[in-house]
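Below, in structure tokens: the form predicted on its own, a single chain.
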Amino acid sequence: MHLAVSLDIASAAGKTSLTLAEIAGFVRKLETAGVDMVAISDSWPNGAPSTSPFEATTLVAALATFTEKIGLVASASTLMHQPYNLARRFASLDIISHGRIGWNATLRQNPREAANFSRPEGFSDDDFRRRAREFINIVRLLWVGWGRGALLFDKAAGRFHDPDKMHPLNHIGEFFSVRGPLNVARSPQDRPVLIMSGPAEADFDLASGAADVVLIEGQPSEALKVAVGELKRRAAAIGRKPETVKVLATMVLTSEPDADSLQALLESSGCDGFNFVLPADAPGLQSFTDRVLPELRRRGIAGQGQQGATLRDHLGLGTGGEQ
């Protein structure tokens, strides 16, 4: 079973914002506990104003210097960025962290974001979905625009790169035009891990075709089983190995969860693990690391986590590109 934590760093009512040192302390505690990855979000999907003290990718860059093993995932909306910029940012983060980065691609429109990025009216649902698909596919291709060993930096021979291993994108699509390749080297795990959270059924084709990890909101076991099965089936239908799409059930911990219920949900649904939503406070984390996690391990449904050096290794995903 794979374990992820979505850390809510928003400021609670009446409390001051968290400092970088405090957040880093929480993430280090989760790293010591053997959690595979921690996801940071700097905005609310329902359009409410964010009370997060930091932009997510900037925070993840800082957290990479405080940690050594845990995967670090930043949420970033396709509305707030251009594909080239975002691909370059996450490739750089992956190099800084030695291969521990993931992008949680936001699949829902946030009206406040749209109004801040020259789209006060937003997009129709259909346009947004087509645009997001094009955006995500561009980013994935840009991440493997340089073949392995393509950048030579051979000053003596005057060779910056091997031209046979450079793959310009030359994309001209409905919403974007991108030449490529990136001016950043290929990342240590080929591609940063691509995560999609809470996809609607209309997004299942995109998620099963492109995502490495899909976070499905916690729901009755039968509904979760249907969603997991559908995602894996669609992945197989396009030639992907179903095990290369990891589906984690997102569980909001308002109190200490019932281990029997978690075990039953895991075994009946066929999901690959859990994504626990935790508040960034000491008591909540203490309960999770000292009581919840040890009980899951005692039952044999959670391993020690963080196998291998990269986030792809932790999740058993293999390499992220072929070129």
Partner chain sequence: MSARQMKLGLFLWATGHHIAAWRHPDAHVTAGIDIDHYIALARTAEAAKLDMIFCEDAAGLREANVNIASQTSRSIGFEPISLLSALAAQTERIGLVSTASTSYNEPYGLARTFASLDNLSGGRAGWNLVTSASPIEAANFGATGLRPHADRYARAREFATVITGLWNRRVAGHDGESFSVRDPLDIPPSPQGAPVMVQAGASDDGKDLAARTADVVFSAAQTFEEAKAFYDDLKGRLAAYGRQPDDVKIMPGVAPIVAATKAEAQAKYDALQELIPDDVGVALLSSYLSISDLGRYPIDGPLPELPESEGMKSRQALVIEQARRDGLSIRELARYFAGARGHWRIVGTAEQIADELQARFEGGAADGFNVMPSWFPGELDAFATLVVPELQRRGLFRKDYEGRTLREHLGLKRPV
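Residue numbers count along the first chain shown, from 1. In this text the structure is predicted, and so the values were computed from the model without any measurement.
There is another form of this protein, the form predicted together with the partner chain, and it is not shown here; the text below is about that form.
**Student:** Although the partner chain is absent from this view, report whether K241 comes within 4.5 Å of it in the model of the complex, heavy atoms only.
**Tutor:** Output for K241 is no: heavy atoms all beyond 4.5 Å of the partner chain.
**Student:** Residue-level question: is F160 within 4.5 Å of the partner chain in the model of the complex, judged on heavy atoms?
**Tutor:** Yes.
**Student:** Just to confirm, A264 within 4.5 Å of the partner chain in the model of the complex by heavy atoms?
**Tutor:** A264: no contact with the partner chain in the model of the complex.
**Student:** With the cut-off set at 4.5 Å between non-hydrogen atoms, does W143 touch the partner chain in the model of the complex?
**Tutor:** Answer no; every heavy atom of W143 is more than 4.5 Å from the partner chain in the model of the complex.
**Student:** At 4.5 Å between heavy atoms, only one of the stretches 31 to 39, 65 to 73, 255 to 263, 278 to 286 reaches the partner chain in the model of the complex; which one is it?
**Tutor:** Careful reading of the contacts points to 65 to 73.
**Student:** Of the residues A237, I95, V226, A202, which one places a heavy atom within 4.5 Å of the partner chain in the model of the complex?
**Tutor:** By the 4.5 Å heavy-atom cutoff, the listed residue in contact is I95.
**Student:** Looking at D127, E230, E217, D154, which is the one with a non-hydrogen atom within 4.5 Å of the partner chain in the model of the complex?
**Tutor:** In short, D154.
**Student:** Heavy atom within 4.5 Å of the partner chain in the model of the complex: which residues of 79 to 103 qualify?
**Tutor:** Result: M80, Q82, Y84, N85, R88, R89, S92, L93, I95, I96, H98.
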